[in-house]
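One chain is shown next in structure tokens, namely the form predicted on its own.
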Amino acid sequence: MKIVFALAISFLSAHMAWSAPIAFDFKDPKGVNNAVFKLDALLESINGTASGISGTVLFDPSSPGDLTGKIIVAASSLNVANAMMKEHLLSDKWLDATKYPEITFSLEKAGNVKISGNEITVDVTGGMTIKGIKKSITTPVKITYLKDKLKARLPQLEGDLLVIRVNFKLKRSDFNINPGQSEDKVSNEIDISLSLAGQAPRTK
């Protein structure tokens, strides 16, 4: 009886260790991770990027629907080609990057999980916070889990990669970003696209 009990404990411990969520760090040492945004108004189309991305996502390969975590974008890293336009973008009338230095998305729950090989599509619901205002959004997300592939991207490290790709829309009026102003040149609707690689290094 003691042997059976010991074997059962051993099996459960091994299973729990195997199925534990993996923490992926999205502060990319290569500096490649970025967000792309577009505002396509009647008179002008504005395209920009944000490079100051960090955050942690917990992902369990055996239960991808349990996805949780937070992605953070440094507001000051938002960039557009026109210098004056960038100054306006970061000013207190628009993003107010000094008072609100972070734009965040907290992953709270996931559903409608579909798996095909190492690619997963899932509907993610979470809280988007801009200028201190938090709104709940739901958007489809494509996740690629690449076991033991970190070395292919960062040769000095062993571990796994998690790639997240997502496209969604926001309204600047929902976040008090100069609502109702200059909409013929600065669209109220913002198209956002992210393709981010997170790393989970492990010791040899």
Partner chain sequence: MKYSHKIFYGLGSAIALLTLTFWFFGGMHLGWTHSNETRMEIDPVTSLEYPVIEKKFTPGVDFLTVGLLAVGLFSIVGYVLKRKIGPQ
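Keep in mind the model is a prediction, meaning the values are calculated, not measured. Numbering follows the first chain given and starts at 1.
Omitted from view is the form predicted together with the partner chain, to which the following refers.
Out of Ala110, Ile72, Met85, Ile120, which one falls within 4.5 Å of the partner chain in the predicted bound form, going by heavy atoms?
If I apply the 4.5 Å criterion carefully, the residue I get is Met85.
Given that the partner chain is left out here, which of Ile177, Leu161, Leu58, Leu170 has a heavy atom within 4.5 Å of it in the predicted bound form?
Of Ile177, Leu161, Leu58, Leu170, the residue with a heavy atom within 4.5 Å of the partner chain in the predicted bound form is Leu161.
Is the gap between Ile137 and the partner chain in the predicted bound form 4.5 Å or less for some heavy atom pair?
It does not: once the partner chain is placed as it appears in the predicted bound form, Ile137 has no heavy atom within 4.5 Å of it.
Would you check, heavy atoms only and a 4.5 Å threshold, whether Ser182 touches the partner chain in the predicted bound form?
Outside the cut-off, so no.
With the partner left out here, check for me: in the predicted bound form, does some heavy atom of Leu89 sit within 4.5 Å of the partner chain?
Leu89: no, not in contact with the partner chain in the predicted bound form.
May I ask you to check whether Ser62 falls inside a 4.5 Å heavy atom distance of the partner chain in the predicted bound form?
Judged by the heavy-atom cut-off of 4.5 Å, Ser62 is well away from the partner chain in the predicted bound form.
Give a yes or no on whether every one of Ala97, Leu157 and Gln199 sits within 4.5 angstroms of the partner chain in the predicted bound form by heavy atom.
Spot residues vs the partner chain: no contact at all.
Out of the stretches listed (73 to 81, 89 to 97, 129 to 137, 102 to 110), which one is close to the partner chain in the predicted bound form, meaning heavy atoms within 4.5 Å?
That would be 73 to 81.
Between 123 to 162 and the partner chain in the predicted bound form, list the residues on our side with a heavy atom within 4.5 Å.
The stretch touches the partner through Leu146, Lys149, Ala152, Arg153, Leu161.
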